[in-house]
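Taking the form predicted alone, here's one chain by itself in structure tokens.
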Amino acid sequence: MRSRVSSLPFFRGISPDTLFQIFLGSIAVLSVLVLAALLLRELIVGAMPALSAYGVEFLFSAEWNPVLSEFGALPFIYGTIVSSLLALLIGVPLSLGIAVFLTEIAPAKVRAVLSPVIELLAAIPSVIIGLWGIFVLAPFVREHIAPLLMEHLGFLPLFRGPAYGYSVLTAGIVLAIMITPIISSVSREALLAVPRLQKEGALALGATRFEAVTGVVLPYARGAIFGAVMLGLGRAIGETMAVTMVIGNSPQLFTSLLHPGYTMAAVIANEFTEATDDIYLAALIEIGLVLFAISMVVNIIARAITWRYLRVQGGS
């Protein structure tokens, strides 16, 4: 292979290692160019009519009436943020509990069985989870969870009825189920990477297992765990089909988690094929641009905090 490469006039005098670096660098540059072309050509240019017509008010308007050409993204931004944060509120403690159980408590045989099963949950198609949400979860929320919440927490606006089943709460639970395998798998690997001397030193000083885990293991791996949480948040923000099937798809600002809502990804999936008017289509593309921007901001923040943590941990 080396003689063949050296025999070509263009590659003569270039080592295979240099060629390999050029190849990988070209792939990296190409991916950035594709992302930039997608952002510029498909999103910014496509959303330009709506950007020109509505400006910044598009982000703060709650009106969504395609018949009257009234478009505002606030209900969808609000629904996306609330459902994603609800998913984290439910999914993060569950995921950390699974990760700690598999790394610190579970016997080896139990760990060998449960670990692959939990990782396989991430491979379930979102439309299958959405169907389960329609036929199982939504009726269960309407008949059991919602009445319980209204009875004990009904004095709070977040848990006031009526209960529809297809609601923001149902969407949050579905999203929590979808992000749990991701967060738990990454967190488990982070906990396994903690040096055993750290935990053994805490145990030798008289700490209980609970104190060793909460005081030594989790703080040591908090950077990677935070990265796992942000990875799950990115999945929750961009999830489309499962949320579309259970959230109720109501373009209204809601005050109760038991009421229907809407997300940015859901409105694009539902109404893109119905957008026959140019300004209607541009409004949907602008929502996609906002969704892209939010996803980028979340990833940048996650990378910055993780990098800062790793730098501090490394002592530099």
Partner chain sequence: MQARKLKDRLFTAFCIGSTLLALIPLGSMLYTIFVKGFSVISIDFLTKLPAPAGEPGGGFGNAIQGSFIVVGIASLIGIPLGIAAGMYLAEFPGSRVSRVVSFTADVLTGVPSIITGIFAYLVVVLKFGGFSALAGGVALATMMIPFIVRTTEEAMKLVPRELREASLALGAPRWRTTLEVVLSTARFGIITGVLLTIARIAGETAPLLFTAFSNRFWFDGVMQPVATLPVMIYTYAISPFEDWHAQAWGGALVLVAMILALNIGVKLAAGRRW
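Numbering follows the first chain given and starts at 1. The model shown is predicted, which means the values in this text are computed figures rather than measured ones. In this text, the rigid core denotes the largest set of C-alpha atoms whose superposition between the two forms falls within 1.5 Å.
One more form of this protein, predicted together with its partner chain, exists but is not displayed; see below.
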Exercise. Of the residues 121, 145, 74, 81, which one places a heavy atom within 4.5 Å of its partner chain in the model of the complex?
Worked result: 121
For this session: Indicate whether the candidate residues 51, 85 and 257 are all in contact with its partner chain in the model of the complex, with contact defined as any heavy atom within 4.5 Å.
Result: no
Problem set entry | Contact test in the model of the complex: residue 57 vs its partner chain, heavy atoms, 4.5 Å | no
For this session: Answer for residue 288 alone: is it within 4.5 Å of its partner chain in the model of the complex, judged on heavy atom distances?
Result: yes
Exercise. Using 4.5 Å between non-hydrogen atoms, is residue 188 touching its partner chain in the model of the complex?
Worked result: no
Exercise. If you check in the model of the complex, is residue 134 within 4.5 Å of its partner chain, heavy atoms only?
Worked result: yes
Exercise. Can you name the residues of 84-115 that have a heavy atom within 4.5 Å of its partner chain in the model of the complex?
Worked result: 93, 94, 97, 98, 100, 101, 105, 114
Exercise. When the two forms are laid on each other by their rigid core, does residue 56 show a Cα shift of 2 Å or more between this form and the one not shown?
Worked result: no
For this session: Pin down for me whether the residue 40-residue 241 Cα distance shrinks or grows in the model of the complex relative to this form (closer or farther, change of 3 Å or more).
Result: closer
For this session: Have a look at residue 227 and residue 31: in the model of the complex, are their Cα atoms closer together or farther apart than in this form, given the change is 3 Å or more?
Result: farther
